[in-house]
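Here we start with a single chain on its own, the form predicted on its own, put down as C-alpha cells.
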C-alpha cells in the first residue's frame, strides 16, 4: 500500500510553484515586452484600496471589489435561472420528440455558437437601453440566451440515453406521463443535466462581463471597461484576477453539488 505524504505536496506546493512561475513571467513581460503593463508591485499598490475596502461605494463604478462582484453575481444568478427555466423543458422536448428535434435542432445549432457580443447589440442596445437608461433585462436576455444551450443539449442527450427497459416498466405499472417524467426520466437524466448546468454557469459568468462592458452598468465588467477608458492598467489586471477567481469558485461549487448528488 502506497504511503500518503504527510505534507499535501500536490495541492499546496505545486500550485505555489505554478503561481511563482506566472508572477516571474509577468515581471519579465512588464520589464521587457511592454512598459504599459504594470508589474505585480505597481498593480498591488494601485489596486489594494479596492481589496482592503471591498464593500466601499464611492459611485456607480467606483466600488470595492466584492461590491462589484456581488452586483455581477446577482445578475448572473437571475440570468442563469432563466436559462435553466427555458433550457431544461426545451431539452426534454428535444429528447422525447423526434419531430420536435428535427424541427428545431438545426436552429439551435445555428444559434448556439453566437458570441454574447453578437447578441448584445440586438438584445441590449436596441431593446433595453444602455448606460443610465440600461434595463437589467438586457443582461438577463444575453446571459440566458448564451448560456442555456449546454443545458438544452445535455438534457436532450440524457433523455435519449434512458434505457428502454425503464420505460417498459413504467408502461407495465401503468404510470401516467407525469409520473413517468418525475419518477423515471428526470432521475435518469440528472447526471447529464448537471454536466449542462456546469458548462452553462461558466458561460453565464462570461456573458455578464461582456454585457456590463458594453452597457456600462455597474459590476465587475463595467468597472473593467471604465478603468480601460481611464487608462488604469493595474485595475484591469485586478478585474481579470477577480473574474478568474470567481469563475474558478463557481465551477468548483457546481462540481461539489454534482458529486454530492451522485453520492446521494
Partner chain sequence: MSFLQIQNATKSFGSGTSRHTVLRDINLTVEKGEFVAIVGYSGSGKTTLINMLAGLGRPDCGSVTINGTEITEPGPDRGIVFQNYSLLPWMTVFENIYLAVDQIFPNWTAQRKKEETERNIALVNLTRARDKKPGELSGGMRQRVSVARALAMDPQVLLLDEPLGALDALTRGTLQTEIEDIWRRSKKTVVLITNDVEEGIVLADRIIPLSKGPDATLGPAVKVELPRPRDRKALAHDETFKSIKLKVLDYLLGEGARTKTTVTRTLILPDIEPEDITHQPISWSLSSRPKRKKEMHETKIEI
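Residue numbers count along the first chain shown, from 1. Computed from a predicted model, the values in this text were never measured in an experiment.
The protein also exists as the form predicted together with its partner chain; that form is not presented, and the subsequent description refers to it.
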Based on heavy atom distances of 4.5 Å or less, which listed stretch (78 to 86, 113 to 121, 138 to 146, 189 to 197) is in contact with its partner chain in the model of the complex? 189 to 197
Hey, in the model of the complex, is residue 74 touching its partner chain, heavy atoms inside 4.5 Å? no
Are any of the heavy atoms in residue 103 no more than 4.5 Å from a heavy atom of its partner chain in the model of the complex? no
Can you work out whether residue 172 and its partner chain are in contact in the model of the complex, taking contact to mean some heavy atom pair no more than 4.5 Å apart? yes
Just give me the residues of 141 to 158, first to last, that have a heavy atom within 4.5 Å of its partner chain in the model of the complex. 150, 153, 154, 156, 157
